[in-house]
Structure formats: C-alpha cells, structure tokens
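Encoded as structure tokens, the following chain is the form predicted on its own, with no partner shown.
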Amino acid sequence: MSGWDRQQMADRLAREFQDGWIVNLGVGIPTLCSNTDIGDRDILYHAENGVIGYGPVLPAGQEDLHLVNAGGQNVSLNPGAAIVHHADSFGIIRSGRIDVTVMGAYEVAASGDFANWKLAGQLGGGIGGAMDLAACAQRVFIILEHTTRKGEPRLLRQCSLPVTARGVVTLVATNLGLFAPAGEGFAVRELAPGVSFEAAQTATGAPLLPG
C-alpha cells in the first residue's frame, strides 16, 4: 500500500489554508507546511517562539543559524515578517488570532479529542503550549502517521493516552489520506494515491464514513 510521504501530507493539509489566515505550525511534521507552494494566497505562519511570517525551511549553506521555527529548524522570512518576544507570541495565541493551529499527535479520537503530550508509562512531562493553542485557535488540524511503528491505529474511537484537549480537532492528515472526526467515526475527505477504503479502514481504530 502506497500513500503520502511526510511532505505530501503537509502539502495536502496546507491546501486547506484560506487566504489571509494566521497559521501556527507545531513541531514535527507540521513544520513542513511552510515548504508548500500555496500560490497567491496570503498565509502568515506563526511559531510559538516568536517568529511571525516565516517561510520555507532552508537547506544547509543557506540558513541563518540564529533564525529557527518552533521545531528548531532554520527558516526563511517572508516580506513583512517580525520577530517578537515569546510572551507576545502567546498573546497572539491567547487572544484568539490564530485561524488554525497544525499540530502533531500520538492519537486522535472520532470525537475530535487528541493526545500529543504523554505516552503510556512515561513519567513527568507537560502539555506546554499545545494547551493554549487547542483552547484558543479557531481550528485545530492534526498531522500524524496513520499507525504506530507496531502497526497499531492512531485514529481511534477514544484516545487511550492522556488527552490534550477534547472535541477540538476538525481535520486530520495522515499518510493514508485526509479525514474529519465525525462523532462515531472519521469522514473520509480524500484517500492518498494507492490507498483503498478497505485498507484505510483496516488501519483505523474507528469506523470510516464516506465523506
């Protein structure tokens, strides 16, 4: 079974961004969204660490070692970009100005719950900025691999891990396709090339519903 690689997952989700949106990109796969060619849409990428209006991740030799996104990757700046204090960055988040936050996760439930801060048996840790983003962003999109390395589903009826937020996820991109939490299951918005509905259902821990 084929499907999307991580950049293609990010590209597909980025096509859902609307003109004029302020888009927060979390660490991991979500950072790849800033590499996507979004045409003539005006998208302002926001990072928790205070880089506002950044662009693609830069290859070795072209980077500014002092300029990083939330994941520590060296990025470019778009015209009109700004570097702000960490507190000001969270002021943007907490004031509800983020149109969508894109985060990674360990699990997503059909109810729109998601878990991204603690694994089973893990000691310590904290939710961090994910809590603010989940509570204050107008939309929450998630990118994650459809299954664990052991082949266990990450899209579930209910999360088995400690939940970050409940009922907030509106769209999920995985290597198998694009899905929307729909209460009793996940609505299939699009399947990746080479992925059948039956194969996607086998890899999912909740019913898949026609989109």
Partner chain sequence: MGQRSKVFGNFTEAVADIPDGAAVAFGGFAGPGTPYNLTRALLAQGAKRLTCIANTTGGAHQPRMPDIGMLVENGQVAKVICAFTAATRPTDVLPFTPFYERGEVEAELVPQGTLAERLRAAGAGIPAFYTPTAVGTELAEGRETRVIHGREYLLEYALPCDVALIRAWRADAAGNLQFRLSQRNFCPLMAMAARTTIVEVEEPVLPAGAIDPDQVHLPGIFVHRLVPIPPAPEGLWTTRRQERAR
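Quick caveat: nothing in here was measured; it's all calculated off a predicted structure. Residue numbers count along the first chain shown, from 1.
The next section is about a form of this same protein that is not shown, the form predicted together with the partner chain.
- Although the partner is absent here, residue 37 lies well away from the partner chain in the model of the complex, with no heavy atom inside 4.5 Å.
- Of the heavy atoms in residue 104, none are within 4.5 Å of the partner chain in the model of the complex.
- Residue 92 belongs to the set of residues with a heavy atom inside 4.5 Å of the partner chain in the model of the complex.
- For the chain shown alone, residue 19 is a contact residue for the partner chain in the model of the complex, at least one non-hydrogen atom being within 4.5 angstroms.
- Note on the partner interface in the model of the complex: the residue among 63, 184, 152, 145 having a heavy atom within 4.5 angstroms of the partner chain is 63.
- Shown here without its partner, the chain carries 79, 136 and 163, all of which come within 4.5 Å of the partner chain in the model of the complex through at least one heavy atom.
- Residues of 54-89 lying near the partner chain in the model of the complex, listed in sequence order, are 61, 63, 64, 65, 66, 67, 68, 69, 70, 72, 77, 79, 80, 81, 82, 83, 84, 85, 86, 87, 88, the criterion being any heavy atom within 4.5 Å.
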